[in-house]
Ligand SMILES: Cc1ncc(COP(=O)(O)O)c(C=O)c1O
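The form predicted on its own is given below as one chain in structure tokens.
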């Protein structure tokens, strides 16, 4: 068991001041590093003004407005209406309610081996009975498609409210969707009046080299879900859509979706600073080169395959025993890596976007030494 007492940039420090490189960013949260000075300044500045106030819409919460205003600059015209919450799971729950209310339908299609969260609604979209079976009954009328299987697109029909999909399926080992698959889903949704929901909780906020992964595919969802790195290290989530779709939860019933702390002013101030930092320092422009460097350096007889896009990479080994041994050897050498929920043969690599060429060389050397 390790205890870290402080952090800075890509490093965590223990009680003896030993430095550890965080190669997983707190699971894709600390995209601009730990204790980023711009984020810290924004947090302290907001705390000096006010922290919590009622967020049901009666008052203007300025940090919410500013975060939404910043994001709208980089989002398409149909993704300009925001509902801020506390986490990714909550944002998924809100999106599930939204699509049912707008379409008047109850059927939801999700992907096998997807992970959308651990609350009852999001858990209902988890196909693996090992993780969901103990918590039944869950939500009815959930259907599953096979990821990247064009034949399974016929699961979508005119009774379907929405399709929920990660453009890069995270917990199976950072598996990107094919362009053909997403295009077929988009076309089928258009034909059947079904909403397309992209879960970009882990892929978003620059991790793939774009602010959101859907930009790689030139396919725009009807609803976008974000969290994790959105808060710059603070807890936040959001579902984003058009004003037309969002208006469906305004009434009947009144306050169709409510939250006490969602869009907390301090979290929104931190998130706004984080987004601005990414563009101020042009971090997105360097991600593909950093990915190339990881792929070039991580060559070893025990590495079977590397998958993913940008700085969300999966290193496939022979078995979980090898993964577990390598993880322990890495952390003993000061590098933190992790595994995946559905693919225990793989090591997770998702460092802060600010990682440098020299630091990539260092961690790759450590990983190769640990494999040896």
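Quick caveat: nothing in here was measured; it's all calculated off a predicted structure. Residue numbers count along the first chain shown, from 1.
Form predicted in complex with the named molecule: not shown, discussed below.
Student: Quick one: from 238, 268, 99, 201, grab the residue that has a heavy atom within 4.5 Å of the named molecule in the model of the complex.
Tutor: Selected residue: 201.
Student: Give me the residue from 209, 117, 263, 233 that has a heavy atom within 4.5 Å of the named molecule in the model of the complex.
Tutor: So the residue touching the named molecule in the model of the complex, by this definition, is 117.
Student: For the chain shown here without its partner, which stretch in 130-138, 252-260, 68-76, 84-92 has non-hydrogen atoms within 4.5 angstroms of the named molecule in the model of the complex?
Tutor: Stretch with heavy atoms near the partner: 84-92.
Student: Test of understanding: in the model of the complex, would residue 290 fall inside 4.5 Å of the named molecule by heavy atoms?
Tutor: Residue 290: no, not in contact with the named molecule in the model of the complex.
Student: Can you tell me which bits of 158-186 touch the named molecule in the model of the complex, meaning any heavy atom within 4.5 Å?
Tutor: Just 166.
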